[in-house]
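This document starts with one chain, in the form predicted on its own, laid out as structure tokens.
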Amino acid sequence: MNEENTIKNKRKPINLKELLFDNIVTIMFVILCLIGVKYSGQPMIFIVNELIARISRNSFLVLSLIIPVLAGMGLNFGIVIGAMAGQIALIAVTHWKIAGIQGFILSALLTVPIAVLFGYLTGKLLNKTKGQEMIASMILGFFANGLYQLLFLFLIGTLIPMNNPVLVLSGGVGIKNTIDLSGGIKYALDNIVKFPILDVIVVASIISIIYILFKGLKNKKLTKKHIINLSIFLIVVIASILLNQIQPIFKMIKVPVVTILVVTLLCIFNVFIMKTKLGQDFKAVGQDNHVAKVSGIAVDKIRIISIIISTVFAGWGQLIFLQNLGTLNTYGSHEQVGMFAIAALLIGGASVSRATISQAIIGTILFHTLFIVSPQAGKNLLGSAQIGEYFRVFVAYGVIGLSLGLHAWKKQIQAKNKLKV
């Protein structure tokens, strides 16, 4: 028995080749970002400031993809349907002229029943297309977009009365293409509390130190890992305080604390739910549908729940995105949501069958760093900022194709290795 435990506890040696293969996309984008930052010539303060704004408004959408991946449903291109649910709620709240945080909260509450309905219908359809969920969710997104346009271009002003010259087209039928959210929910979440970035880092690091010490005291032992983490956070605190004194310009970079807290709550929820019975069912279904079904798990029900959760989160994520942007493109804001969120997740090192919170955050940082620096880098290197714009679009589609190709290749290699054994 002791020998068996010893064998189980032995750590697998790190395979450098496998490590590079698993993280090739992330490594490639780290290199691209470093090249882009160098050749863009933009001040680091500007890049960091832009990056914080982009992380705060996009992270929630990227994190909404994780649960379907763990449940074995692949990359949920159908989050675009959740984004539509959020926009439907937002247009209703804008029509009722409810502004500020009250308008944002009401939009979030209205999003839930709409997104639950859309998520349920999506889940039912994806259960009929097992093994082809990604392409099915993508096509479903296009179909839903047609219904969405039918609603706001034809039904508003005809079957659904709406007497609002700010929202409705001059002919009295259909919603305007662009809606200004300045008098509505613009910065409703972001402007509640803002603190300088270094102050936020210091507070977050101190909280982390207290948590590690509490965990160590609870277990009556501080492990080597705890001590290393404590040292890192302590160095971060000291470095941030010193940097704040040496470079006061960092005080100009403000962090929307409430928005970041909302994103953190989603991370905590994802960690918590995976420790529950439902989370274990997600994992079981993701690993093998047949084995999960034999074990007594209602596979189809679990898959539907995962899509409903993802759709609701996507609706909330779209509201966070739009309140930061300040403008709603009625017929276009949701179209690229799925593509960009999935690209960011894959850049972080996720795959069709595996995704983590850290991969989502890392991917968001890398993807949007490249978005910030590529136009100027393209102009400096090739004489045209438009080249950088083309490159950004190419990256979004290219990384998805590359990641799917690598995933298929890896599955083939694993199948050949099994045959050899």
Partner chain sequence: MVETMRDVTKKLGFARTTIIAFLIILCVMAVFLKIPIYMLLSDTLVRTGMNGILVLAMVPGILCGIGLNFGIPLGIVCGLLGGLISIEMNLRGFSAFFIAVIISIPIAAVVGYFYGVLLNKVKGSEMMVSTYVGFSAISLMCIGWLILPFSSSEIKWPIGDGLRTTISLSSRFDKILNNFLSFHIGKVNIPTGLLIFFIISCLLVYLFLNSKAGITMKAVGDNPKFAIASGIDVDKSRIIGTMLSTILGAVGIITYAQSYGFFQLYQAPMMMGFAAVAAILIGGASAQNAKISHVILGTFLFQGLLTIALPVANKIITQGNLSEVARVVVQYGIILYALTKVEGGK
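Residue numbers count along the first chain shown, from 1. Keep in mind that this is a model prediction, so the values were computed, not measured.
Not on display, but discussed next: the form predicted together with its partner chain.
With the partner omitted here, the residue from Leu198, Ile212, Met134, Ile308 that has a non-hydrogen atom within 4.5 angstroms of its partner chain in the model of the complex is Met134. Taking Gly146, Pro165, Gly332, Pro248 one by one, only a single residue has any non-hydrogen atom within 4.5 Å of its partner chain in the model of the complex, and it is Gly146. Proximity of Leu234, Ile253 and Gly326 to its partner chain in the model of the complex is absent: no residue of the three has a non-hydrogen atom within 4.5 angstroms. The stretch in contact with its partner chain in the model of the complex, judged by heavy atoms within 4.5 Å, is 147 to 155, chosen from 147 to 155, 279 to 287, 88 to 96, 318 to 326.
In the model of the complex, at least one heavy atom of Ile400 sits within 4.5 Å of a heavy atom of its partner chain. Residue contact check for Phe142: one or more of its heavy atoms lie within 4.5 Å of its partner chain in the model of the complex. Although the partner is absent here, Tyr390 sits close enough that one of its heavy atoms falls within 4.5 Å of its partner chain in the model of the complex. Heavy atoms of Leu19 never reach within 4.5 Å of its partner chain in the model of the complex, leaving it off the interface. Residues of 117 to 131 that come within 4.5 Å of its partner chain in the model of the complex, judged by any heavy atom, are Leu125, Lys128, Thr129, Lys130 in sequence order.
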